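Below, in structure tokens: the form predicted on its own, a single chain.
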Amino acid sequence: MAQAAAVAKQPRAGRRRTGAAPRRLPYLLIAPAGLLMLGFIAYPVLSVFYYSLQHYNVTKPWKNGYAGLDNFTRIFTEDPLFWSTLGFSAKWVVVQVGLQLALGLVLALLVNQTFVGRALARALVFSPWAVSGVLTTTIWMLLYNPSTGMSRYLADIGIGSYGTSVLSDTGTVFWAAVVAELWRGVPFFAILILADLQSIPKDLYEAASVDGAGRMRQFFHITLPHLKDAIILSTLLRAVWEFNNVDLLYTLTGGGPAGVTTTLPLMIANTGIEGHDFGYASALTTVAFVILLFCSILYLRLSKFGGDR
């Protein structure tokens, strides 16, 4: 009987072994890609954390070594530039994300309507998003050029004066940079919001019209509630990207004039690349990472992302 029981159990064990292999197969197939992603993401992040605790300046190798929390103490107590760049970064993010969201929502609502040439209008609206930051800067530097750009033609009709450069004036450079970034960033919101607009059932609007609801009531009671998650996600992503924006400001203003357009990431880039102080730049990066992580979590909690509409 014992032998018979052992024989009866063998097929089940075999089935268990053969059933385990297919379950492991998907993990084995994605393992190479997962290891590559881990290497390309985890290694740089851990390296930044490591160097943030070091004195590491390639121009002063005799001072290199373990720093402990010295870099962080310097950031919060000895470096006034950190606080000014952090304040400008917050201002830049709030203005950019707010204006991009408002204009992107308007554009999405417009191109969602049925009219002749809608496909062409959508292509024109979305095209700036395909342009890189450096090319965007080149376009707007030509437009802002005091000799051949918009200011010359405005001066011809009596607005402003000849030779005026909005990028060299501390009173106008911020809004000049804002307009350039708006041109590139608004299509991002328009694309995401338009995609979500097209998923709203038409029956809801028809029922609301039958009940006597006008366009404004339909917008606030049907459209906006359905766009809630899309707006929350797009504003969070765009806020992170705008906070980390380096290419446009670096090539358009270089952080000037007089450092008034220097963001925290631009300060980090200048500290590491031009100042060669990679230890201090890594500490600044760590602080920026913590700030973004805290603000992202707080924003998602307060906005109740994924909850009931």
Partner chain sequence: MTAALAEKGTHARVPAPDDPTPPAPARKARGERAFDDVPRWQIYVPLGIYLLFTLVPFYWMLLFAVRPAGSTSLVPWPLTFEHFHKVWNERSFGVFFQNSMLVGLATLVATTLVALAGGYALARFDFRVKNGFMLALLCSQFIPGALMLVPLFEIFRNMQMINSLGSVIIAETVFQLPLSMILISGFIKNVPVSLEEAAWVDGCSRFRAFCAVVLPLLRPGLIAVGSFAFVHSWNHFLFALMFLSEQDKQTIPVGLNTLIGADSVDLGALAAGGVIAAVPVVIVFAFIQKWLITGFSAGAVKG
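Keep in mind that what you see is a predicted model, and the values were worked out from it rather than measured. Residue numbers count along the first chain shown, from 1.
What follows is about the form predicted together with its partner chain, which we do not show.
- Interface residue remark: Thr137 is counted as part of the site for its partner chain in the model of the complex, having a heavy atom within 4.5 Å.
- For the chain shown alone, Pro225 is not a contact residue for its partner chain in the model of the complex, no non-hydrogen atom being within 4.5 angstroms.
- Among heavy atoms of Phe188, some come within 4.5 Å of its partner chain in the model of the complex.
- Interface residue remark: Leu69 is not counted as part of the site for its partner chain in the model of the complex, having no heavy atom within 4.5 Å.
- Stretch 230-238 is the contacting one of 86-94, 71-79, 168-176, 230-238, since its residues have non-hydrogen atoms within 4.5 Å of its partner chain in the model of the complex.
- Along 250-265, a non-hydrogen atom within 4.5 Å of its partner chain in the model of the complex is carried by Tyr250, Thr251, Pro265, in order along the sequence.
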